[in-house]
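Only one chain is given next, in structure tokens, and it is the form predicted on its own.
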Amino acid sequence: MDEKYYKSIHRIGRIGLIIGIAFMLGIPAVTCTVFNVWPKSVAEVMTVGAGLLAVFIPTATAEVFAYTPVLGSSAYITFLTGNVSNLKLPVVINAQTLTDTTQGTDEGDTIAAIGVAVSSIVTTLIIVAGVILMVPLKPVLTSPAVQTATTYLLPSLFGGIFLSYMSEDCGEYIAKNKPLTIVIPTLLVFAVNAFYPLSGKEGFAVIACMALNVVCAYALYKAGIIKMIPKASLKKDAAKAAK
């Protein structure tokens, strides 16, 4: 892809993140100034926020390292608009699967950017519609059926991500036996959680599993268990077999 395009994407992305951070910190600062409700000390803020920081700092760090290779240049708008693991990531994976593009390629990066942009626009429109229709739809949204259905929303999204990961289709290649890479990390998480509950430490567990997953994938690839087979060669073999 054109280097000029990448430079422009990084420049626009950084400017957008700076503006977003300015709004996130600026609005509370203005509110505290107007109503004179500034915290008494930094220690007080850290005491109140320590529990949240302990959870979200490792989780956010893990998401950046884990998802950026998939998201590509769309990572800027993804992390700015949020809903990464439960919305943006499934959108990107599904879009790349439907278009038969590979992560890390120019085509895959373009598809990811389009998918995240459209998802962000649709999400914004839905939020606007939700605000307008919140009162008329309150009886429906608070009904027991809807409340029960929402509890299955996040598991269903992660189930879709898991199924896409189990697929050996990697765009231009077929990664034979790819699902084997998650066997050891999965067993290790269950074993550790049985003796040392990981609740509240999910971010650290994700980072550890990422590193272990890479090691397992490399070891299985070097052992010849995982094989990267170009789709072009499979099509040629199929054409020869048909003749």
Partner chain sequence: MSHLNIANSTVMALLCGFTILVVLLQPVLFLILGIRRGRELGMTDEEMREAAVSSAVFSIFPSLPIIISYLILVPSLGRYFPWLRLSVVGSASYETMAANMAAEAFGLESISVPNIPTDIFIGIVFVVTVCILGGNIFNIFFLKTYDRKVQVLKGKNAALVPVITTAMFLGMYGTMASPYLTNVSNYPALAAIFGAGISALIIGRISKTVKGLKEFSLALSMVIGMLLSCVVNQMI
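Since we're looking at a predicted model, the values are computed, not measured. Numbering follows the first chain given and starts at 1. Superpose the two forms; the largest set of C-alphas matching within 1.5 Å is the rigid core.
Another form exists, predicted in complex with its partner chain; not displayed. Remarks below refer to it.
At the 4.5 Å threshold, heavy atoms of Ala191 stay clear of its partner chain in the predicted bound form, well away from it. Contact annotation: Pro69 falls within 4.5 Å of its partner chain in the predicted bound form, judged by heavy atom distances.
Shown alone here, Phe65 lies within 4.5 Å of its partner chain in the predicted bound form, counting heavy atoms only.
The closest heavy atom approach of Ala223 to its partner chain in the predicted bound form falls outside 4.5 Å.
In the predicted bound form, its partner chain lies within 4.5 angstroms of at least one heavy atom of each of the following residues of 26-46: Ile27, Pro28, Ala29, Val30, Thr31, Cys32, Val34, Phe35, Val37, Trp38, Pro39, Lys40, Glu44, Val45, in sequence order. In this overlay on the rigid core, Gly51 has a C-alpha that sits 2 Å or more away from its partner position between the shown form and the other one. Core-superposed comparison between the shown form and the other one: the Cα of Ala60 travels less than 2 Å. Core-superposed comparison between the shown form and the other one: the CA of Met228 stays below a 2 Å shift.
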